[in-house]
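Only one chain comes next, encoded as structure tokens, the form predicted alone.
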């Protein structure tokens, strides 16, 4: 088990654990915008930078992104050194220029003393912070319907050829994981629309609730070998069935009173 020092505290980490997780387990919070437990580390926002050194390095430090740096035995980590804070301020200053009206960005920048960007303000403000969470969860789900396009200031998340994506099943995973609410969608009892693509909703045959799209049920039934009928029943009705089954089991195994 690797033992390291983080901000003066001795921390015992797990083998293979990344530094960001080790810091969190020790109660040390580091800002990040692109980290999420549902997807692999990405290192895109660069806010989780920290200084890493060793006693034998005689004061020399290297700056790493904590979400992608594996813990090592004997390392000394500084999560709030002067240059670490300055780098985070630059990142937030640039992000504030891109997303000047986004509450999440404004609040985080303000906590670092940045109330207005020192760069040229984006003439077409956006709530997309380019965290990559939406594209990564889409890949993780098995669709890969959206991706990052262009470079520099023009970089954005889009569909192939900016057309309704054929691979999209309307599951809303991208919209649900988006930390700023940038990905818009419309969802009703009969139809759902996201990425300019329309989907028919699947109604639960028991309660009539519209819970997933028809495309979503077809996709997961075809991929996992689970009968499509399983996906037709909504989660609420499934939980009710489970509760009834658990109650019957408890009654059947209950020891009669003497």
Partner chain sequence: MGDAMSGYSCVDHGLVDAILERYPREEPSLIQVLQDVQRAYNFLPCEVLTRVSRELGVPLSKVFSVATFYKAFSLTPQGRVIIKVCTGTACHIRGAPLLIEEVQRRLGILPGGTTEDAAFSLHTVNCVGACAMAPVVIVGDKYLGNAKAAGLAAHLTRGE
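Keep in mind it's a predicted model, so treat the numbers as computed, not measured. Numbering follows the first chain given and starts at 1.
Although it is not shown, the form predicted in complex with the partner chain is what the next lines describe.
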| request: Establish, in the predicted complex, whether 144, 151 and 161 all lie within 4.5 Å of the partner chain, using non-hydrogen atoms for the distance. | output: yes
Report yes if any heavy atom of residue 139 sits within 4.5 Å of a heavy atom of the partner chain in the predicted complex; otherwise report no. yes
Within 4.5 Å of the partner chain in the predicted complex by heavy atoms, the stretch out of 183-191, 121-129, 93-101, 151-159 is 151-159
